[in-house]
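Take a look at this single chain in structure tokens; it is the form predicted alone.
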């Protein structure tokens, strides 16, 4: 190992080749190329193989990162893939969209001075190679089980749970309101971060593994939760959260102001070849417009970088805190700045101004105010405070609200008034078994923890699959013991 590893002292960090901003701002292709085999091995060999792997500790999935880095450095890629996929259902997706700078790479012990190991890029390389070599196979359980599980939501939590349950032999059916599998992976994340064929090949793998999909099926409208409970032995709710947080202020209802997800969905549908309705394609297209995005998370970054590619005249991102307090990935901020996005830090919108046009009044400016960060609040974050007489009007033909997401009222939508919720509107579960207030109904992902990362959704889906397995196995054992007792009594 000494010959192959610990090379960080003499080998500099090297990400895969990144396309220049002048080229990538005109298309939606991924911005990084793939590692060459020798380069991936070289970068994997920079791992220090430390005794306490902080990269693994700070990964929500607890991925065995040092181990598969070592295998990669030795050219044992099939073994590296087996180890990587043992803890992560979608390593090639997480390798592309996880904020590694805040998770594994940000906690690499060699980060300071030598720069961290490029964990995400190696993870992506390993699994992309596995797909190319045909190492990724459909699931064939050791034995089939009679029990079935219904999953509401075809996003990362639901798909991860489906795969884990299928490995145990359960019959799995997924219900989703949309026409494609993937949830936000398909409609919320742009192609330059995650090309859709990456998600679609996972869908095909699950279909080949005998997972059944019921798409365009809106639970509560097309089928009730009660019917799903009758149809299946257990139900998992993994709907995610899609209700956009709004902003208050004069003029907020003007045409030209739209939720971020509506904008990203229209762009992704166009990229998938769908016909986007004229009223959406016009309003939700940044071409030739001055675009202002309000928010500082990863969704805001997706919006500003999409607007650049659609040919916006200018793109500005307003955030009420400074760069250091931004919740989104710093790597994404850097990419956006390279592509021409202007970040207006310590600035908050107050009023939306309009002007007359041929189609009626539309938004024309965002009247904003400068912010000073005051004393920390109960969460430890400094409280934004407006600076008097610091107003400025920022030109805007299209304003996108990227302020986060809240859960919908699921008890009402699912016609299940007994389904318990928290004060935040998320589903209330017993964290020991991940069951909701309804027997046999479990919940996982953002609908439980609130809007979060894909990697956390995968973790929750895997955990829920284990809890469902324990529930059904215990139920089957009780039923078998009861039958045996009746036979003995007879």
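Residue numbers count along the first chain shown, from 1. Just so we're clear, the structure is a prediction, and the values are computed from it rather than from any experiment.
Below: the form predicted together with flavin-adenine dinucleotide, not depicted.
- 414 is the sole member of 263, 414, 125, 81 with a non-hydrogen atom lying within 4.5 angstroms of flavin-adenine dinucleotide in the model of the complex.
- Contact with flavin-adenine dinucleotide in the model of the complex, judged by any heavy atom within 4.5 Å, is made by just one of 189, 225, 308, 291: 189.
- Taking the partner from the other structure, flavin-adenine dinucleotide in the model of the complex has no heavy atom within 4.5 Å of any heavy atom of residue 409.
- When contacts are judged by a 4.5 Å heavy atom cut-off, residue 173 does not count as touching flavin-adenine dinucleotide in the model of the complex.
- In the model of the complex, none of the heavy atoms of residue 295 sits within 4.5 Å of a heavy atom of flavin-adenine dinucleotide.
- The shortest heavy atom separation between residue 238 and flavin-adenine dinucleotide in the model of the complex is within 4.5 Å.
- Contact with flavin-adenine dinucleotide in the model of the complex, defined as any heavy atom within 4.5 Å, is confined among 338-346, 352-360, 150-158, 372-380 to 150-158.
- Contact residues in stretch 330-345 (any heavy atom within 4.5 Å of flavin-adenine dinucleotide, taken in the model of the complex) are absent; none meets the cut-off.
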